[in-house]
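Here you get one chain, nothing else, as structure tokens; it is the form predicted alone.
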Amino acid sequence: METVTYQREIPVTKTVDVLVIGGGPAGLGAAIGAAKTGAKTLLVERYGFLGGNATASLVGPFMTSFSADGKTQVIRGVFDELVRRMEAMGGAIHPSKVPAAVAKSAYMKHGHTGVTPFDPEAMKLVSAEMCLEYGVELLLHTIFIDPLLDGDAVAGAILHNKGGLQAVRAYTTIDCSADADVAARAGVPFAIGRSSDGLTQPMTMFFRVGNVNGAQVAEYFKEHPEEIEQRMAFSSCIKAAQAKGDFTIPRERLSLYESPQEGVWRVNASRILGTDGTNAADLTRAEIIGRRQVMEILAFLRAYVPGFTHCTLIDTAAQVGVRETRRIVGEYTLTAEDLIAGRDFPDTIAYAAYPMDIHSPTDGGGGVSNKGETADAYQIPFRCLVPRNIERLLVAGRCVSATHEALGAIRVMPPSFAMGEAAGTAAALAAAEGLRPRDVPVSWVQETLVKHGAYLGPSVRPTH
């Protein structure tokens, strides 16, 4: 391969305690968590708004933040405060008010008790306001280029925006890029996809439609209760369309979610196979395929799905939704067996309960792992956020250290908020005490998280 050498001096524009790369759910949790713990914090985001998959990719609702039995909200802290602020302005419905098997949970039972419908526009504003109120400095329209390395430690990052290349020095950096971009470029080992062939879960182009008749949708499920029980929502509609050649998307069921706004629904139905979210050529192809599929799905909804006959297209996502890319190799790798057993970890920094939701990389099947049902609530240890080989770097979100199967459960947005808040808290404590993040006593992190409203089990209470 031909190469070129490019060298120039880059100005150092800022020095902070904690630098967070990526303003999605994990990045929001990390930045606010760090700032609440007293750190001078900078959050860098490539778009002109925050939210990541929740806004740029229109992914929603937030999947469950409750235990599987629906009795305990296990993801709280920054996540819960954000939701309640959006709810106060009419932009969300608190998960405690959303049961399974209703329109706002896509008429699905498994893993859908306590989902959170929300308006992505409310999310953009509320997330930014929260950051500013807690003292987070925001740098939007800015992309990560490379880590600044000081021996075996990450000492900040090279960034780029309209002002050109610039460097930011930081005591601790948190990779919330979703793709482990910082970690990978710093030399942290990583894995991609399932162990058998390296293939990742398919991508999806989310979109929103308006003018939906919810009463007609509800009537459909009164006539087809078996589709709720069998986790096959709208499958009879798909079969009817497939018989006439009017539905070519490799899907067996649909995920259609009623939004807080009257008549507005999110559509999670496209399926883009054989793509790598760390490859720009694949992402380009996925964007085009995804929008082609949107138009096919839109025609299908109007022709075959009750309540959607007169639906109108509101928007497609600014970016295709990516379920899985790199997973770092950390000090501990979370496994499916950990989630099924509900294993206790001494360094637990988050609880979650979403099931192992694995969409097949090769066909339209899946959505549920064949490994078994997860525990009523399971734990995520701090060591999953700590990469091997590199210091002063933490990772949060869907690129933490986990197997392909375990990632199928913790990749969704509420656990990402929780992991991010833990990483931000630890990063701030590390900076304050001059410690490596891996050396911060986990009890400090746990006590601070609980003080700030996180849930770490029924026996753990704030000490103040």
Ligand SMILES: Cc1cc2nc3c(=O)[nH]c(=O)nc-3n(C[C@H](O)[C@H](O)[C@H](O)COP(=O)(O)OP(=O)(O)OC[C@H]3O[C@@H](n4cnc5c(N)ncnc54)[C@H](O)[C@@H]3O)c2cc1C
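Computed from a predicted model, the values in this text were never measured in an experiment. For every residue, the number given is its place in the sequence shown, counted from 1.
The form predicted together with the ligand exists for this protein as well; it is not shown, and the discussion that follows is about that form.
Quick one: find which of 342-350, 210-218, 161-169, 315-323 has residues within 4.5 Å of the ligand in the predicted complex by heavy atom distance.
-> In short, 315-323.
| query | So which of F144, F190, F308, F300 gets a non-hydrogen atom within 4.5 Å of the ligand in the predicted complex? | reply | Result of the distance check: F144.
Exercise. Tell me, out of K40, R46, K36, R438, which residue has a non-hydrogen atom within 4.5 angstroms of the ligand in the predicted complex.
Key: Exactly one residue meets the criterion: R46.
**Study point:** Distance check, I75 to the ligand in the predicted complex, heavy atom within 4.5 Å
**Key:** Judged by the heavy-atom cut-off of 4.5 Å, I75 is well away from the ligand in the predicted complex.
G27 within 4.5 Å of the ligand in the predicted complex, heavy atoms: Yes, G27 lies within 4.5 Å of the ligand in the predicted complex.
Is there any non-hydrogen atom of I21 lying within 4.5 Å of the ligand in the predicted complex?
Yes, I21 lies within 4.5 Å of the ligand in the predicted complex.
Indicate whether the ligand has at least one heavy atom within 4.5 Å of a heavy atom of F206 in the predicted complex. F206: contacts the ligand in the predicted complex.
Residues from 245-276 in contact with the ligand (non-hydrogen atom within 4.5 Å) in the predicted complex: Stretch hits: a single one, N268.
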